[in-house]
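The chain below stands alone and is given as structure tokens, in the form predicted on its own.
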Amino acid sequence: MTLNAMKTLERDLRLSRRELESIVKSFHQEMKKGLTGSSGSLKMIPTYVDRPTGSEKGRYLALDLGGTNFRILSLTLKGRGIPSDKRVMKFALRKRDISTTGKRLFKFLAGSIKKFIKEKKIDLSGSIDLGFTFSFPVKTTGPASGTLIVWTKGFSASGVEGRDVVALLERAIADEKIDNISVVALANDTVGTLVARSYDDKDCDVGVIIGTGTNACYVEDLRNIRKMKNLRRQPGTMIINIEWGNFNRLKATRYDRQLDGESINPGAQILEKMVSGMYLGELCRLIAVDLISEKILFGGRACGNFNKNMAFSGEFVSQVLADRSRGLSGIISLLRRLGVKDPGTEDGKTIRKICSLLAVRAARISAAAIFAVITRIDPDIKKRHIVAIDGSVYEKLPGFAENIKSAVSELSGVRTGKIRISLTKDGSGYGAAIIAAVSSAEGDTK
């Protein structure tokens, strides 16, 4: 890679502290718009869910749908502490499952619930409540009702947008003749993650997912949710689903603009397209294609898979950044599998540099957004805040978690000790069951 090309790419993808502070300021402005009901890039959706007390008890089910894999689980709550007697099954959705009709998609989900109940020997002699984690933009209208605003993450099943997803699930469950299950709560994966962590740690007030997609939620004072006029004078708190993937006040490169223009939702989910695992690999591919055309990469030779949209996955980015061998043997092997003939060490170094620049930028954008949410709750950071975070990018992309923590420290300075970012694995599913306990009229909260 030529020195000039490298400098240009680094300049375009670098985010200084001043630029991070600008993101924080813009994020605050968009949050305020969303809470008042004004037009903006952050929907700030009320969830009708609050944090648990920690004393919830009983057995509950959860369906966790947020990507091409989904889980069904049951667990028993015995008050404060870790849930017990966990039973989990994981299912895969094929491309045809997520692009079919909504009726067929929900039939598949209900059929999977039926299989789970049979194989895990779930006792349905009495009624059992289910929490539904549905990790797509939803306009929530109650604790167990919400209409899908728009599909994301490659989903396109027809007849679902604009409809109540809980009603669709309930109809499918009835069609499968599954008795004694009541869907009592609807949430997304960020809310589930926050709730799961706050079940045993009251200082958790932010939930974040950075995986295939990305989103966040936090605990807001009811009086600040001005678009819900009936709540303005009531004491208490509610979890707000930010839908931060749609934040759009970010410095975009020509590669970002190209990816956005070629996506299924141009002009939307701009932050997600710079941060999430679904798009990081594609950004790397677009940069690589440009460098190939300039004869900087692979000797200018066209490479089959690099000319295919989405052929370079987020998983490949992780593999590249994990390779620290002297000869970059892992990267060279990957490039060969992608159809590159005789890739050299310099080619490997260039690909690794591209992936590193993109990953660091994604982490710093995420850190600025996290810091914006914390300072929305507590401007001077006087209290302790735990950010519950989950997702494959945060957990598995080499250096990503460290880069987020470093950037948050850069922004917070001496107040860094008040902020703790903590991996909360599988929180979306367990959180849905805990939300079911909170929402259920039958829940034992003594």
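If you're wondering where the values come from, they're calculated on a predicted model, not measured in any experiment. Throughout, we count residues from 1 along the sequence that is shown.
One more form of this protein, predicted in complex with a small molecule, exists but is not displayed; see below.
The small molecule is not shown here, but in the predicted complex it comes within 4.5 Å of a heavy atom of T214.
Under a 4.5 angstroms non-hydrogen atom cutoff, the small molecule in the predicted complex lacks Y199 among its neighbouring residues.
Put simply, E272 is close to the small molecule in the predicted complex: some heavy atom of it is within 4.5 Å. Proximity of G348 to the small molecule in the predicted complex: non-hydrogen atoms within 4.5 Å are absent; the residue sits far from the partner. With the partner omitted here, the residue from D205, D129, E282, E243 that has a non-hydrogen atom within 4.5 angstroms of the small molecule in the predicted complex is E243.
Put simply, of G146, G314, P137, P343 only one has a heavy atom within 4.5 Å of the small molecule in the predicted complex, and it is P137. With the small molecule omitted here, the record of contacts in the predicted complex names 185-193 of 87-95, 333-341, 297-305, 185-193, defined by a heavy atom within 4.5 Å.
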